[in-house]
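The chain below stands alone, shown as C-alpha cells; this is the form predicted on its own.
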C-alpha cells in the first residue's frame, strides 16, 4: 500500500518542471518535501491530484499499484487523493455544509443517500476539534475567510473526506502559532497505518508539530536528498547551499 511516483515528468506551457521525479509514500507514513522556491514542490502536488494546467509527459502515478495518471480530478479524489491548496479558492454561493454534503454524497454508491443527522454530528465534532465556530457551516466556502480560517477549512474538508493519501501544499503559510498548532492537531488526528501524507513546507516549525517519518529535498524538478526528521533541522540551520556544491 503506497503512493508511488515513478520517473514523473511534467511541464507548463512547454516548460519542463518535473524532470524524472521518483518518490514512494507508504501508507502510515508522513513524508515532508522542502526545497527552494521554483523547485517544483507545488507542481508535484497538483500533478498528483490531476490539475489540468500541467502536461504530464512521462512517468506514472501509482495509487496502491494502480496508475491514476489518466484519471480526471474527481476520479482521483474518489480513489482517495486529497489536496489542501496553498491558496484555497473561494466558492461564492455554496455553503460549507452543502459543499461537504455534495462531496460525500458523490462518494456514496448509486441509490444510497447520506444520513443528514450523522453528517452534521460528524462535521460538528470535527469543527470543534479544529476550534471552528459552527456559523462557518452556513458561510460560502472560504468567502471572506482569513488566511488561517481558510487553512482550517481545508483540514476540515480532509477530515470529512477521509482520504487514503493527503497532500498538504504549504498548509502552514499565513498561520500564526496558535492556528498552526490547531491545524497540526487536526492532521495528527488523521494519522493512521492506512493513510499516507505528503507535507510540502518551507519551514521547520510545521514539522515541530507534524513529525515526519522522512524528509525529502527537491531541486530542479527532482528529489535530490532524503533523510529522517533531522534533515529538516539541518536545512533550517544551513539552508540549501549544498545544492550549489552538487550542481
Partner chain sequence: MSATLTSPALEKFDSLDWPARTVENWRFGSWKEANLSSVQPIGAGAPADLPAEIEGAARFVFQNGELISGSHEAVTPLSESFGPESRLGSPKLAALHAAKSDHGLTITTSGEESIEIIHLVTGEGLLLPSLVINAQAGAQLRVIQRFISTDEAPAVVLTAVDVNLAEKAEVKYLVTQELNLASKFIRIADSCLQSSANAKQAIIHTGSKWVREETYSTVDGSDGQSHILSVALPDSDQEFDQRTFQHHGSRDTYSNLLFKNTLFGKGKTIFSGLIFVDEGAHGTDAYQTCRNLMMTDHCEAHSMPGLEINADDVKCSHGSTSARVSEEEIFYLMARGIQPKLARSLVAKGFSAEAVEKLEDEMLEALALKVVERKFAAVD
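In this text the structure is predicted, and so the values were computed from the model without any measurement. Positions refer to the first chain, counted from 1.
Omitted here: the form predicted together with the partner chain. The next part is about that form.
- In the predicted complex, the partner chain stays beyond 4.5 Å of every heavy atom belonging to residue 144.
- In the predicted complex, the partner chain sits within 4.5 Å of a heavy atom of residue 99.
- When the partner chain is considered in the predicted complex, residue 69 lies well away from it, no heavy atom lying within 4.5 Å.
- At the 4.5 Å threshold, heavy atoms of residue 191 stay clear of the partner chain in the predicted complex, well away from it.
- The single contact residue among 176, 74, 118, 128, judged by any heavy atom lying within 4.5 Å of the partner chain in the predicted complex, is 74.
- Looking at the partner chain in the predicted complex, residues 21, 55 and 62 place no heavy atom within 4.5 Å of it.
- Counting a residue when any of its non-hydrogen atoms is within 4.5 Å of the partner chain in the predicted complex, the hits in 85-113 run 85, 87, 88, 89, 90, 91, 92, 93, 94, 99, 102, 103, 106, 107.
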